[in-house]
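Starting off, we have a lone chain in the form predicted on its own, written out as structure tokens.
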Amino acid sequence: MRHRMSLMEDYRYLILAEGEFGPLTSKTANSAIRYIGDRVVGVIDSKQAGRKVQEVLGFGGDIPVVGTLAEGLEFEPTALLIGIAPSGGRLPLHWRPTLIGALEAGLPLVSGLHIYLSDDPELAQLSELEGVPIHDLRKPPEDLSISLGKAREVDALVVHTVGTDCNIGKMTAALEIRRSLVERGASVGFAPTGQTGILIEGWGISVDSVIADYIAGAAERIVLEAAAANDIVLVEGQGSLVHPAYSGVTLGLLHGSMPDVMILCHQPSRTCAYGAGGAFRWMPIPSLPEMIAICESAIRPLRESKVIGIALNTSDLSEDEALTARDRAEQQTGLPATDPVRWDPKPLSSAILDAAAAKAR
């Protein structure tokens, strides 16, 4: 699994996010900039051209935003990365000429779309002709099987980031918590379950592209691999158990990973389920205590697992609003809460270290 993505480790990315580059609309681009930004040379978006990434996202420094592929090639990228993860994972048709141009320029394509670019006859033929690969991050292994519950047997503490909604930063929370744990001397493995996590780590399985019967088996496999050489495993969460569109993937991931404990991720400003252009406004997000009960109940027939902390996404709140949201979360749940990006992840890493010590005893 690791070898399949190892060729990507040295790529210098030009990110394609035409017309979509922004805090909420270019999830893959934004995470690449945050976590492997030293390997990003530029972003293509004609609407934002001439600006720096920092001006658009609030982080990312002086990475330039350009209007065309030709301008981006001046920064000597070695691969083109698809920078969005739209609902349904479809390729915007007006992006196709840029992909063709990138292949003709000798750039490998790296895509996290549900549609596999390597299955596109024109792109595949051009890839072979130019001798450059197409990496479909979401394409799962062919030898997956059902879960047998083996993840519950690992010695490592398995921590799963679950959420009150989709697209609220479950991967980001896990990576920030990992950084805090590593700084405190812990041996930590990150188990990537989505295309962006795979991009950052260079391995993993995108569980939302796996046949339904094998979702839990895929989760089990990556937990076992991550636990082989680590004392703590952080499993990247997907979707939400109550999301009308994504709950099936979320439940399979939860049951396959068999977490010892969970971190609940929440965006305080959200009032209804996210996605599909606001199609889920009819579905209010449960309160934090309700969501904790839902998550713990969903795993209880398989093993006892508790939510031990709240990771907040307060990116759209002022400092005072964020502090109020944090205090409210702690009062409602009796658990440590923090925004691991805005503030110190230490309250969550401390809770995890305490749980790891308790499991070791």
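Just so you know, these numbers come straight off a predicted model, no measurement behind them. The numbering used is simple: start at 1 and walk along the sequence shown.
Same protein, other form: the form predicted in complex with a further copy of the same chain, not shown, and the subject of what follows.
Chemist: To test your reading of this chain, name the stretch in 126-134, 214-222, 70-78, 182-190 whose heavy atoms come within 4.5 Å of a further copy of the same chain in the predicted bound form.
Modeler: Careful reading of the contacts points to 214-222.
Chemist: Just give me the single entry in L99, V210, L107, A85 that has a non-hydrogen atom within 4.5 angstroms of a further copy of the same chain in the predicted bound form.
Modeler: Selected residue: V210.
Chemist: Could you work out which of M171, V158, L113, V242 is the residue within 4.5 angstroms of a further copy of the same chain in the predicted bound form, going by heavy atoms?
Modeler: If I apply the 4.5 Å criterion carefully, the residue I get is V242.
Chemist: Does a further copy of the same chain come within 4.5 Å of a heavy atom in each of V154, N167 and A356 in the predicted bound form?
Modeler: No, the candidate spot makes no contact with a further copy of the same chain.
Chemist: Report whether the minimum heavy atom distance between G149 and a further copy of the same chain in the predicted bound form is within 4.5 Å.
Modeler: Residue-level check for G149: yes, a contact with a further copy of the same chain.
Chemist: Might L288 be said to contact a further copy of the same chain in the predicted bound form, defining contact as any heavy atom within 4.5 Å?
Modeler: Answer no; every heavy atom of L288 is more than 4.5 Å from a further copy of the same chain in the predicted bound form.
Chemist: Quick one: is I200 in contact with a further copy of the same chain in the predicted bound form, heavy atoms, 4.5 Å cut-off?
Modeler: Result no; I200 lies far from a further copy of the same chain in the predicted bound form.
Chemist: For C272, is any heavy atom within 4.5 Å of a further copy of the same chain in the predicted bound form, or not?
Modeler: Taking the distances in the predicted bound form, the answer for C272 is no, it never comes within 4.5 Å of a further copy of the same chain.
Chemist: Looking at a further copy of the same chain in the predicted bound form, which residues in 317-334 have at least one heavy atom within 4.5 Å of it?
Modeler: Heavy-atom contacts to a further copy of the same chain in the predicted bound form: nothing from 317-334.
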